[in-house]
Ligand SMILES: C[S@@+](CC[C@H](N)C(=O)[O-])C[C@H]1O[C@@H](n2cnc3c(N)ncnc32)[C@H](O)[C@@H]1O
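What follows is one chain in structure tokens, specifically the form predicted on its own.
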């Protein structure tokens, strides 16, 4: 069962009050949404976004069953979170004042374990990795099967190295090329076995406890769903919908995402960019953001004990000036 990560910490850092409007940009199983609905009260609203129709349906059912009193406070939207500005504007009034935005960039355990998504090396399924199990992606868009079986060796090696930070990318790609000569690589387990056989004990060298296929699967998920591009667009558009002094909280789970969020926060807090030799500022640039968390908030020892999947989570919070 999915466990919401950094639940209390993220809700607290948004500094919400009764009657506020807040956006949960990544609904998932609704853990954060429920907490936010509780905080904003009967007159507040939570705009809950998810690209996956299955996630929305399951979250609605959960809330109806466990927190029916919150349903009227939640607006469910099936869309990509990068479109947050259009989603908020689409609520039919310019009077909406968004006081907080939260995004949890992790994947639901239900998605990972469901063969329909083809996400996990622990569950044998067709290589897919599209975020929306309902099949709403364009038919001509590439999934993991297309990438593994049609991309060149150079492109695969670059993908695994840059998006997976996989140090054995060349060795893995050589093994994939050899396997493709025999037949198409169709399933998650086929790919995972090829990777594990190619790196052998090296994949767990230096105390590495993760499965050798972990980083390759990460790279494929990021590529198939355009995750990094979507995150960059989302960050910019989230600021557009926030009111002055409104806060944006992002929970990331791997170093590439966290680096993007960290750099975005850092660039937004910079003021004057004039050369140092200028006696006075000529550019007039002022910071548009204030850092609320100078260092990322990480899960407590108690949370890690109860949920090992939270071990890589980092929460960063900024405030719009």
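Numbering follows the first chain given and starts at 1. Computed from a prediction, not measured in an experiment: that's the story for all the values here.
Keep in mind the form predicted in complex with this ligand is missing from the figure; the text below concerns it.
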Check your understanding: Of 44 to 52, 290 to 298, 269 to 277, 66 to 74, which is the one stretch near this ligand in the predicted bound form, taking non-hydrogen atoms within 4.5 angstroms as near?
Key -> 44 to 52
Review point. In the predicted bound form, does each residue in the set 159, 193 and 217 place a non-hydrogen atom within 4.5 angstroms of this ligand?
Key: no
Practice item. Classify residue 237 as contacting or not contacting this ligand in the predicted bound form by the rule of any non-hydrogen atom within 4.5 angstroms, answering yes or no. Key: no
Check your understanding: Quick one: is residue 4 in contact with this ligand in the predicted bound form, heavy atoms, 4.5 Å cut-off?
Key -> yes
Point to revise | Close approach of residue 311 to this ligand in the predicted bound form, 4.5 Å, heavy atom | key: no
Review point. At the 4.5 Å heavy atom threshold, is residue 108 in contact with this ligand in the predicted bound form?
Key: yes
Check your understanding: Is any part of 18 to 35 within 4.5 angstroms of this ligand in the predicted bound form by a non-hydrogen atom, and which residues would that be?
Key -> 25, 26, 27, 28, 29, 30, 31, 32
